[in-house]
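Only one chain is shown below, in structure tokens, and it's the form predicted alone.
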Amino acid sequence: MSEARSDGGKWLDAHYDPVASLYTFSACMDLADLHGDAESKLVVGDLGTGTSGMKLKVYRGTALVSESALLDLPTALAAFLMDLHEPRIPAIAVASGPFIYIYKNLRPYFKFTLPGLQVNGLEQDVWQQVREGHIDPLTLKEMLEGLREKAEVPLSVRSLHFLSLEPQQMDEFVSLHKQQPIRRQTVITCMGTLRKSTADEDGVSCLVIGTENNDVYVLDPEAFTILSKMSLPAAPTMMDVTGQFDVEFRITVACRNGNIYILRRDSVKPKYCIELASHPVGLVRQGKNVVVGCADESLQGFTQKGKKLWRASLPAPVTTMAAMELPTRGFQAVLVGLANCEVHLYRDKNLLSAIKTPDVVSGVCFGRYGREDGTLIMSMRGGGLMVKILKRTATFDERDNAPGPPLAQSVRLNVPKKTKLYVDQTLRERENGVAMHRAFQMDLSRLRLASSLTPVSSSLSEPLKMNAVVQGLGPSFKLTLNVQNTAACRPVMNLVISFLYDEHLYRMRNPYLRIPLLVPGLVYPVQTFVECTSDRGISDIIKVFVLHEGRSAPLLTAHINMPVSEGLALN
């Protein structure tokens, strides 16, 4: 083995086979001890040519030791312990179409089928008429096209296939399928494993599957019955599962609508939602955070409640992502395969290592392979297989090489402990919260009242401010209006003041006053006298208007609440 030169000498080249004819991706790769000999094997779901040659392959070291044919394209693969029997040998679950094929000792053991979906009743009636010979294929096509546009329940795969046929192919299709019952079946899009009751590595695990019908199922590991069903707003494409089913768990799901949803125990709908600017192409949970690779060539970190923590730009589009964990060192990071034939290792937003590859990486898997804990296995887009081993002396420098805020900015501050005064003040606020809120609202109301007593002009060209002062006990009052031009350097001229009042209660000496030129910043007092002519001991409002000469629209309006005339009340 020779040392790799493009990654700082941290990795050793263990194996590279450019013609392994292995076409897969990260969701169909896993490492497991299949024979109980403490030696992990590589289990791969090979896509073959896409239409044929699909196989379940097992690698030991550099050799292919087993392969089994698959009936359809695999969408996900997982190794899990389904019981407590000795020896503790994991089973292999391969998701393909609407089925999950379970293998024990590399032999077929069980096939789980997703529950069927509701069938459109009108569609069943139409096919029943075809079965009885009442309608021909052309009429059937017209009726199915009408149902597809208006029906709330989607059509079955058979009807959709029939609508895509040419007219000369319809008769043969109808005669072949008209006697068979109609079924609607969804397919599996992603799969993960969830510990049942304990967090131990050799604990029994449940299968978690996401379907094209926007549902997430948790399956019992022994009976393969549905333990829990949860719904999503869109079809899931990737998932990451953590926790225990009997205690608490979180299922982080990336959906086809570009959002990431987080499901929790005892909730049939998502608890949190992460909205992304571009579609996710990779999803890995690192500790309590979620790392997402996006289609806009970026890597983003979020909390488990959806708060964005950081963003790192990538030199090329993301092709695949996987978690890298070394429990012996307490090390966690994220492996990111890029379209420029590189694999980057990130811890948060810090780039720790970059590995050059001879081809674009389509699948990444890290873990114990053979008897080596730190093994990196990569499948290439051209069908190659590469294995690298992390040197035991390798150390990663966590310098912040990414642009943006420095690493020291994310260091937590040394906040002092809570003092007794702080605790007492907190308790006082909890006990007297209602009274404190009422006092605050009262002070706020007084502040608003005080500010409303000083009318301010809304005109930007002639900003004015005015307040009124009423002096006297009655029946005569002295009314003083303090008018101020609040403009910066522009005087205001040709202004008048007019009063509107009840002539049965008051009489004014000068109901119409002219205002001199208003210099900015100075306060001009304008005085007049008001006489109360009523002896009933009541008061009213006097309205004050500041206008331009020759204009009817006022620049400023004020309402003066006149006091009760005490002189008349005494008489």
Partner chain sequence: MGLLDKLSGWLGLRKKEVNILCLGLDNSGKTTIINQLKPANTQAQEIVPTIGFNIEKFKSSSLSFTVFDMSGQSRYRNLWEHYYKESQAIIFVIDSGDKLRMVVAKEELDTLLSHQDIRSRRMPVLFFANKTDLQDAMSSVKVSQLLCLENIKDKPWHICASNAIKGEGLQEGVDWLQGRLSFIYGGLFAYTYTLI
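Numbering follows the first chain given and starts at 1. Computed from a predicted structure; not experimentally measured.
Keep in mind the form predicted together with the partner chain is missing from the figure; the text below concerns it.
Residue contact with the partner chain in the predicted bound form: residue 60 places a heavy atom within 4.5 Å of it. Residue 391 belongs to the set of residues with a heavy atom inside 4.5 Å of the partner chain in the predicted bound form. Within 4.5 Å of any heavy atom of the partner chain in the predicted bound form lies no heavy atom of residue 548. Shown alone here, residue 371 lies within 4.5 Å of the partner chain in the predicted bound form, counting heavy atoms only. A single residue from the set 20, 562, 556, 12 has any heavy atom within 4.5 angstroms of the partner chain in the predicted bound form; that residue is 12.
For the options 89, 321, 387, 483, the residue carrying a heavy atom within 4.5 angstroms of the partner chain in the predicted bound form is 387. Partner contacts here mean any heavy atom within 4.5 Å of the partner chain in the predicted bound form, and among 363-371, 263-271, 300-308, 423-431 they occur only in 363-371. Looking at 271-292, no residue comes within 4.5 Å of the partner chain in the predicted bound form, counting any heavy atom.
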